[in-house]
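Starting off, we have a lone chain in the form predicted on its own, written out as structure tokens.
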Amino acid sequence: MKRIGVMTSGGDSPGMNAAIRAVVRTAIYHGLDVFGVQHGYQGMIDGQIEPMTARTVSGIIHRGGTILHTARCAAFMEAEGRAKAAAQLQHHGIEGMVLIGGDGTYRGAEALHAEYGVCCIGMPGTIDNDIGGTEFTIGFDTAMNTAMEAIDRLRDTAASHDRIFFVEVMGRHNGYIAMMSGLAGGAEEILVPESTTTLEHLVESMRTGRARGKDSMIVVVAEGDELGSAFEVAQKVAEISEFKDTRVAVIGHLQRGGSPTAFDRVLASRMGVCAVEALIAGETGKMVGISNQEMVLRPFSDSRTVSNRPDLRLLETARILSV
């Protein structure tokens, strides 16, 4: 293998630039030419492919987002779109791809390999930590810390005004960010999609806290919780209880941006080296993961068939510590 490409796809996450840097410099170290594909699969179709050097990725390890940009691409789901993308890779002499993203990115990579023989290795880049086959994804640690810092600031205001705050964090199908940031931020209650919390239980928990002398409280809500958004939960609580003067804060896309933590930078760097060396070794159709602090290669299918759920025992830990 003489030439490889690297791209980011799907939602951005802190640490993607560190991953790009690692891929480019590892390729150069091993004597390979490396090309960057702009704007994900759409850029692959459109031929937005440019050579990269060690200097191209200088000074980006600390930056959030992705210098290669990212996009979702409906055209790649069609055979015609994939044919155009494969033709562009062939035109540039690219034999292998490192693709940084999530399950949708991997599905595209599987099709690219099956239909056109392009060797593909994936790297898990998403703040939700919801990809099977790896204990951590690039960007999760940063997003968790961003949410925790927001909770810390909101607690200052909540304590000053003796108020209850409902704080919504990202997690449409996965409660990792809510659970970990809520536990770290000392939340009184944490609502996640993986666990059922009734409205009555939530209100009773808040009443217990008030009876114990709590004048202010924080309830962290994952956006995908079955009770609804933070606004909906606050409204439902007000309708059936005395807790009517509450405030809602939605952290939103703040969790996606910002400088990656040391953990995410190191994780992305290690995964980038592993991904390139996997291509050189002839591997394909696999993603890089981390298990027990070691880099591992897993089939793309693991990203959707292997469960990666937060430990629900942490919810009980949070409740014990909220007395």
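Note that residue numbering follows the sequence shown and begins at 1. All figures in this text were calculated on a predicted structure; none of them were measured in a lab.
As for the form predicted together with ligand F6P, it is not shown, yet the points below apply to it.
Contact check for residue 220: no non-hydrogen atom falls within 4.5 Å of ligand F6P in the predicted complex. With a 4.5 Å cutoff on heavy atoms, residue 253 counts as touching ligand F6P in the predicted complex. A residue is said to contact a partner when one of its heavy atoms sits within 4.5 Å of a partner heavy atom; residue 96 fails this definition for ligand F6P in the predicted complex, lying far away. When contacts are judged by a 4.5 Å heavy atom cut-off, residue 84 does not count as touching ligand F6P in the predicted complex.
Heavy atoms within 4.5 Å of ligand F6P in the predicted complex are found in exactly one of 239 to 247, 199 to 207, 167 to 175, 132 to 140, that being 167 to 175. Residue 72 is the only one of 113, 92, 214, 72 with a heavy atom lying within 4.5 Å of ligand F6P in the predicted complex. Of the listed positions (103, 128, 194, 189), a single one reaches within 4.5 angstroms of ligand F6P by any non-hydrogen atom in the predicted complex, namely 128.
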